[in-house]
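Shown here is one chain on its own, the form predicted alone, set out as structure tokens.
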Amino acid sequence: MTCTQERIQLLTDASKHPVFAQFVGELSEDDLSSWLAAELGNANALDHFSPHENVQSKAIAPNHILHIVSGNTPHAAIQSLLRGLLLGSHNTIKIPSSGSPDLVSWIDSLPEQLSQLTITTDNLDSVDWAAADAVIAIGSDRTIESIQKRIQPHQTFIPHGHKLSIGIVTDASEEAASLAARDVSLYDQRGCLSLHAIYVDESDEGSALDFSRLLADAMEDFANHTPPEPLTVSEAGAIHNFRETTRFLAANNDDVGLLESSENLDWTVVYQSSPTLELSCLGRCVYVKPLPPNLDLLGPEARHLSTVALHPFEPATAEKLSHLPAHRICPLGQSQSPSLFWHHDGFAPLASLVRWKDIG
């Protein structure tokens, strides 16, 4: 069993792998040490007892973590495994049926001291479930519900179900459009941090309709330098249906507008006057809507909010939005790049997994 500092050094080197660097970013030893200290009190809390008020305390990592990951993006899966490896736990990763080549590529590159803590599998059996001290699940709400039924009282369960994100723009400028295009387009909306709608404050000079045109131009620019991944037949069909439905509504309603990439399905921008938050069909399809005076008007889908991206970003404005169900409020353009220290769906990624042993 490696000590914490050895794992930090190994993970720092492993973070240089192209896949990890693309989705999470290269990490330094200071990054990982600071992360541990922020959540566990000090960077060596897993190795020895340390003063904790009038007792001595030591963090105890799960011996075995079961990670059940989704196939939409490797980002969350890589982050989940990173947490398990940093804690020094053994990790079993259930690979989705659609595969996850980027995740597997990073796992295959791990040094022996970390790879011996990592097992991948296509199917879970009763032994895998029984061996887990903690289960981290990423998927649809239906998947989360089915997994939760198998969790035993002694097992820690960290669920990451259906989520989506939005942008709020109070300065409807070309800069805001460029930042929004990045947050919508990156990873082709396959993750919970992807924006499905941009809400535009119309109390100033800008309008949602005008911003939809700026966003369309920015989406085109983004697609030119970062083209989307090839679509499956079903994904392409969903975008065609989304566009045709919107086209029909726009032909009969001035409160709806459609802007789309020509000769391909690279991006779609839909203007709607209705404030109700809706899921897009993914594939870089996004709604632009006026910001309502009362954000409760966003409707029931708002309960699934993961991130709200603001432009311009001001802490005072962010605090006014803290009543929303979203667990993260960040600058527009950064929704897809959370800090290492973020609380994914409100969970402290490391602290939520450990238990504590006290002396005194």
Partner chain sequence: MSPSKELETELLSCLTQGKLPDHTFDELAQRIFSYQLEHNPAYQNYCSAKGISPEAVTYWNQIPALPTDAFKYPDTPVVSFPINQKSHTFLTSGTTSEMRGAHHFPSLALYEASIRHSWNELGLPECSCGIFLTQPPASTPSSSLSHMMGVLEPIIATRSAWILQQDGSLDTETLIRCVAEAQPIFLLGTALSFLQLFDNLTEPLALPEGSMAMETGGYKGSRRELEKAELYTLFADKLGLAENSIINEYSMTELSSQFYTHGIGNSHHGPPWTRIRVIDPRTGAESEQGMPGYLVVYDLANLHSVMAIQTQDIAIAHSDRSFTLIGRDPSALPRGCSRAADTQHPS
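Note that the structure is predicted; figures quoted are calculated from it, not measured. Numbering follows the first chain given and starts at 1.
Omitted here: the form predicted together with its partner chain. The next part is about that form.
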### Task
Tell me, out of 208, 216, 138, 285, which residue has a non-hydrogen atom within 4.5 angstroms of its partner chain in the model of the complex.
138
### Heavy atom within 4.5 Å of its partner chain in the model of the complex - residue from 79, 72, 178, 89
72
### 4.5 Å heavy atom contact with its partner chain in the model of the complex for all of 122, 145 and 236
yes
### Task
Determine which one of 221-229, 111-119, 208-216, 246-254 lies within 4.5 Å of its partner chain in the model of the complex, judging by heavy atom distances; exactly one does.
246-254
### Query
Do residue 290 and its partner chain share at least one heavy atom pair within 4.5 Å in the model of the complex?
no
### Task
Examine residue 151 and determine whether its closest non-hydrogen atom to its partner chain in the model of the complex is within 4.5 angstroms.
no
### Message
Is residue 182 part of the interface with its partner chain in the model of the complex - any heavy atom within 4.5 Å?
### Response
no
### Task
Indicate whether residue 159 is a 4.5 Å heavy atom neighbour of its partner chain in the model of the complex.
no
### Query
Going by heavy atoms, what in 280-294 lies within 4.5 angstroms of its partner chain in the model of the complex?
280, 281, 282
